[in-house]
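Okay, here we've got a single chain as structure tokens, the form predicted alone, with questions on binding and movement later.
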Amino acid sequence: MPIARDAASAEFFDGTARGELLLRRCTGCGRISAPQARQCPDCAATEFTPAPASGAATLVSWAVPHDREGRPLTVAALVELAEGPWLRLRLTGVAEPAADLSAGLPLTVSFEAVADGETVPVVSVAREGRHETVDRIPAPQEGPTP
């Protein structure tokens, strides 16, 4: 799916390019919301300031779509960030997608450059149950699809 940067998403993508997952802190009550929040669910305020996420998350649920030959395409994860918001992100680095996954599994946010030039957040399983520092995954190589 192509990424469409616009005025509303520019701050988010500028943050991901720097290796920061920017959440939204309500200026009215301080609640942290997801990057796409337009209104605070607690006080209904519409003014926010950026709030970098820690990079720690836990797995809530996941789905593995398959191609026509039955090969897994990706692992789509629903994650809860340590700050509270839930996000839908791609889970990377899982060899057998459903084998070792379970709700509550510690995850770490990292960033992946995509072909259209933007950088997007992804998650991977935190090693030894610990959250790691944020790192970057290189952009995919252009070329023919096998």
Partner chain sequence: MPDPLSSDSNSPAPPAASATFRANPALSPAVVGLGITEMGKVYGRTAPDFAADAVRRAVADAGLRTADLDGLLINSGVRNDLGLELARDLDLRDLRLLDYLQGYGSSAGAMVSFASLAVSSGLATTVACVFADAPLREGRGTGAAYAARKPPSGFDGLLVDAGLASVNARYALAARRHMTTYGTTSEQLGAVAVAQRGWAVRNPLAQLRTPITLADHQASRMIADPLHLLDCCLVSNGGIAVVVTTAERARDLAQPPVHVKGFAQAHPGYPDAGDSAFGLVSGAARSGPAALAMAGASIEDVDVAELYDCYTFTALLSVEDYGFCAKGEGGAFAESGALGPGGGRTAFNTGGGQLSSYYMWGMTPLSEAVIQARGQGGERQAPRNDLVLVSGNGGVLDHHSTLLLSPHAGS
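Residue numbers count along the first chain shown, from 1. Since the structure is predicted, the reported quantities are computational estimates derived from the model, not experimental observations.
Just so it is clear, the following notes concern the form predicted together with its partner chain, a form of the same protein that is not shown.
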* To do: Would you please decide whether residue 50 lies within 4.5 angstroms of its partner chain in the model of the complex, comparing each non-hydrogen atom pair?
  => no
* Partner proximity in the model of the complex: residue 103 to its partner chain, non-hydrogen atom cutoff 4.5 Å -> yes
* To do: Indicate whether its partner chain has at least one heavy atom within 4.5 Å of a heavy atom of residue 55 in the model of the complex.
  => no
* Although its partner chain is absent from this view, report whether residue 29 comes within 4.5 Å of it in the model of the complex, heavy atoms only. => no
* Though its partner chain is not shown, can you say which of 60, 45, 113, 82 has a heavy atom within 4.5 Å of it in the model of the complex? -> 60
* Sequence order please: the residues of 13-27 with a heavy atom within 4.5 Å of its partner chain in the model of the complex. => 13
